[in-house]
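The chain below stands alone and is given in structure tokens; this is the form predicted on its own.
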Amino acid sequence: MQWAGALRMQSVDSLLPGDLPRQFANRDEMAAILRQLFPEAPGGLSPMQGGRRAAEKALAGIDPAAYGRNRNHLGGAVTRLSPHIRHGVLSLVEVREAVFDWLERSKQPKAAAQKLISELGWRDYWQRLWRQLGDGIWRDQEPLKTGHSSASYAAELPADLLSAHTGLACMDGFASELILTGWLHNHARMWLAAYVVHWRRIQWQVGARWFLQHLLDGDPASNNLSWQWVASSFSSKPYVFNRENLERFSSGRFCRDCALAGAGCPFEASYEQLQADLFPGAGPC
């Protein structure tokens, strides 16, 4: 009997505790059942498609040269392979071999694929480190370089962040995309993480859990150690950004309509000024 027929005969309330339906006639049926099971969850289904067929299509469409040129731009040629890698639909070896095949077909120099291969190496490194550290990835690997003690950071996300109503068009846009789609461009993740830790003074672990709650590619190793890199507990200095940087790599799309653009923008400063304002007790970076 098909699952759709079974559901017409018995309510989802009769599922065993912790169990979820696994077969659906189509995405609309899946959306309806999930709304019934999780009535408090915001938004609908993520536009991202899972499964081997979607993974192979995404893999076949990669352009390593374009990735290397513009991956830091929100509209850049990112691969969107991370959810497939995270859930084991694609392996790192498989992606690496696809990059090598692309090099052979395109007759491009090896340097054209260097950045993408490098990012695969970083993901492998995070996994190996997680295997070594275990739950230690939830603890500071090094003392913070911010001049603030770990105890001075808040242990909860404020309501305005959780509801994406900070008043900052960029941060609200990133938070909404995270919650509603389960994915964020890597640069947006860095900006949002830096805002959470440095501007709002919230523990990086709190932000890391928030990301893992929503990200379809939420990998504890890459996620936690990247948050530590931003926070400076796994890097030589805290990661910060200013408005110029955000405008450049987002094509200014947030700042144009932000009510706080200009004098009210907390990112409107030089890096030297941000360093002095955010980390007055820290040494020179």
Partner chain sequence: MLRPVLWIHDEALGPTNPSLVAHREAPALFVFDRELIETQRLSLKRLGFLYESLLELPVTLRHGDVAQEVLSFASRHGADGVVTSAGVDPRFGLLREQIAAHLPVQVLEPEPFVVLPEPVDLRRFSRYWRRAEPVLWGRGSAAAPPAPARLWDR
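Note that the rigid core is defined as the largest set of C-alphas that superpose within 1.5 Å between two forms. Positions refer to the first chain, counted from 1. Just so you know, these numbers come straight off a predicted model, no measurement behind them.
The same protein also exists as the form predicted in complex with the partner chain; that form is not shown, yet it is the one meant from here on.
- Although the partner is absent here, G43 is a contact residue: one of its heavy atoms lies within 4.5 angstroms of the partner chain in the predicted complex.
- Using a 4.5 angstroms threshold between heavy atoms, F254 stays clear of the partner chain in the predicted complex.
- Although the partner is absent from this view, V93 contacts the partner chain in the predicted complex, with a non-hydrogen atom inside 4.5 angstroms.
- Using a 4.5 angstroms threshold between heavy atoms, V78 stays clear of the partner chain in the predicted complex.
- Of the candidates M190, L144, L74, A164, M190 is the one whose heavy atoms come within 4.5 Å of the partner chain in the predicted complex; the others do not.
- Not one of N70, G207 and A276 comes within 4.5 Å of the partner chain in the predicted complex, counting any heavy atom.
- In the predicted complex, the partner chain lies within 4.5 angstroms of at least one heavy atom of each of the following residues of 49-80: Q49, G50, G51, R52, R53, R71, N72, in sequence order.
- Superposition on the rigid core between this form and the one not shown places the CA atom of Q23 2 Å or more away from its counterpart.
- In the predicted complex, the Cα positions of D219 and E40 lie at least 3 Å nearer to each other than in the form displayed.
- Compared with the form shown, the R22-D219 C-alpha separation increases in the predicted complex, the change being 3 Å or greater.
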